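What follows is one chain in structure tokens, specifically the form predicted on its own.
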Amino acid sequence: MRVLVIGAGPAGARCAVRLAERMPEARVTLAGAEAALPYDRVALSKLLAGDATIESLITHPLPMLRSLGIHYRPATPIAALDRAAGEAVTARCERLAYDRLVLATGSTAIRLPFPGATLPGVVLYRDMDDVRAMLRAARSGGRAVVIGGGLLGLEAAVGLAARGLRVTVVHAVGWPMERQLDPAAGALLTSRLGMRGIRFAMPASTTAIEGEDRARAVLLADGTRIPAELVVMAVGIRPNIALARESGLPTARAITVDDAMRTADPAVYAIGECAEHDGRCIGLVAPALEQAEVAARAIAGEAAAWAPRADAAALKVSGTAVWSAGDIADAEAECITLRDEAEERYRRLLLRDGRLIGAVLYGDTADAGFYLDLITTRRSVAGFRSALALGPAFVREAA
């Protein structure tokens, strides 16, 4: 069997490896658009901050891929799919035949369409080439504006500040990482990053990037002008579904798949950020890797089904651990809050009908597994509600 995996990110590489392990007789080809070997995209912030090298980010060295029998094709962007012929057409018009195809095309960074967005000095933050562009711009020092206060934006801000740039983060919401943190935890994180010299403009929206030959300043809706020689856009991602859509595969926000990660074409699978399962798209590495495992098992003829879990994000920003899971935005939920300002530790638990439905942990995330289990199993916490915020050790004593 010929299996072609398009996309050499974490999900695509994991799927190719599992296919090669399960089907040693198959010819597995992994095609990546980038020239690099598969690397840890989550660790790009370390490369930006100077805490890692390009070599240390490589997750699948060429000898490893070869030992598994995987044919790796770097710098091979795919331009079209000919599903009737069972072929993928590269940008150089080469045809790659397949019996089974896995689309792991991920997502693309969004570039906001306001004036000046394409000026030299304006970069996105998504892959290794983007980090290289930021590093080149950072050599001359100066001022940088990061548009977007989500995880990627904050990582970019921390990395550039570590390189000596004066950084301002512009974010549309009143606190950073609003998808993972509540306002209180966001305020703690803002204060922590402020100690590193990072400034914030929140809530604020960008209307233009000023400059003639290159970026010179960011203009906000309230008229504020922030000088900057480097502008980083980290405002979100869009599933990369062009190949699938143009080949006639059904798509919504992303490529629609069933529980086995199979598309409407039984020969074609989709995993990771480019896939949509039961109306849901993912944006984290852990579920993407789970989907890669499921697709590999299904292609190998095994019974396999992906079951989404409660949304959970375990992150580290500027050395501070943060974690959240479940519904953290339910305005009508009961809340239990524990805060230690001296230790910069905070946890907020949201309950409904005697059950934990969401949790935010900042600074100390050791009990994350305990809270995730309560959210997932919907176990009643009525018997130990008073000790719930103190963690599992105190809950056992209370019970």
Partner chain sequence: MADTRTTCPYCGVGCGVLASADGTVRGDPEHPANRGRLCSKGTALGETLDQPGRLLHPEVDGKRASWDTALDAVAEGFRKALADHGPQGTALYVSGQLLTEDYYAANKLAKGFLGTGNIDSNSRLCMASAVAGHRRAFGEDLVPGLYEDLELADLVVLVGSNLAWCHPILFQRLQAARAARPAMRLVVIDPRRTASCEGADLHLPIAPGRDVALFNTLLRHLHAQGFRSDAPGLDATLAAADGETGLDPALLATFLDWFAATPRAVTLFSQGANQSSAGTDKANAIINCHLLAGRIGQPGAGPFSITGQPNAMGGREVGALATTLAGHLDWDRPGEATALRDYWDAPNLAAGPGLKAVDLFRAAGEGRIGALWVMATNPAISLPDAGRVREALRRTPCLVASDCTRESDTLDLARIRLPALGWGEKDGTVTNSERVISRQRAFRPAPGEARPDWWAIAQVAARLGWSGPFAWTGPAAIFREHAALTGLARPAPRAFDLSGLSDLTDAEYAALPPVRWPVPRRGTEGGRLTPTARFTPTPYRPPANPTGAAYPLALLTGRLRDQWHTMTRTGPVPRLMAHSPEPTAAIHPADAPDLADGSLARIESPWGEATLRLRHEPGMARGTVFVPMHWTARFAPAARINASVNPAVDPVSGQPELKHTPIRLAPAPMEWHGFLLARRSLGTGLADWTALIPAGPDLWHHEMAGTEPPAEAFARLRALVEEPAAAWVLLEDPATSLHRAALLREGRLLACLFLAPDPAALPPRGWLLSLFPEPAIGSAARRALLAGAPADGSAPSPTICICHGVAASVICASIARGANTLALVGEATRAGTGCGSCRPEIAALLAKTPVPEPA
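Each form is matched to the other, and the largest set of C-alpha atoms that superpose within 1.5 Å is called the rigid core. This structure is a prediction, so every number in the text was calculated from the model and none was measured. Positions refer to the first chain, counted from 1.
Below: the form predicted in complex with its partner chain, not depicted.
Q: Using the partner position in the predicted complex, report whether residue 334 sits within 4.5 Å of its partner chain, counting heavy atoms only.
A: Yes - in the predicted complex, heavy atoms of residue 334 and its partner chain come within 4.5 Å of each other.
Q: Though only this chain appears here, would residue 339 touch its partner chain in the predicted complex if you measure heavy atom gaps against 4.5 Å?
A: Residue-level check for residue 339: yes, a contact with its partner chain.
Q: I'd like to know whether residue 343 contacts its partner chain in the predicted complex, with contact meaning heavy atoms within 4.5 angstroms.
A: Residue 343: contacts its partner chain in the predicted complex.
Q: Could you tell me if residue 389 has a non-hydrogen atom within 4.5 Å of its partner chain in the predicted complex?
A: Residue 389 belongs to the contact set for its partner chain.
Q: Using a 4.5 Å cut on heavy atoms, which of 364, 40, 34, 330 is close to its partner chain in the predicted complex?
A: Contact with its partner chain in the predicted complex is made by 364 alone.
Q: Could you tell me if all three of 171, 173 and 225 have a heavy atom no more than 4.5 Å from its partner chain in the predicted complex?
A: Verified in the predicted complex; spot residues all out of contact, no.
Q: Can you tell me which of 344-352, 24-32, 50-58, 66-74 lies within 4.5 Å of its partner chain in the predicted complex, counting heavy atoms only?
A: Result of the contact check: 344-352.
Q: Core superposed first: is there a CA shift of 2 Å or greater at residue 388 between this form and the one not shown?
A: Residue 388 C-alpha, core-superposed: shift of 2 Å or more.
Q: Rigid core fitted, is the C-alpha displacement of residue 57 between this form and the one not shown 2 Å or more?
A: For residue 57, whose C-alpha is compared between this form and the one not shown after core superposition, the shift is less than 2 Å.
Q: Can a Cα shift of no less than 2 Å be assigned to residue 368 between this form and the one not shown, given superposition on the rigid core?
A: Indeed, residue 368 is displaced by 2 Å or more.
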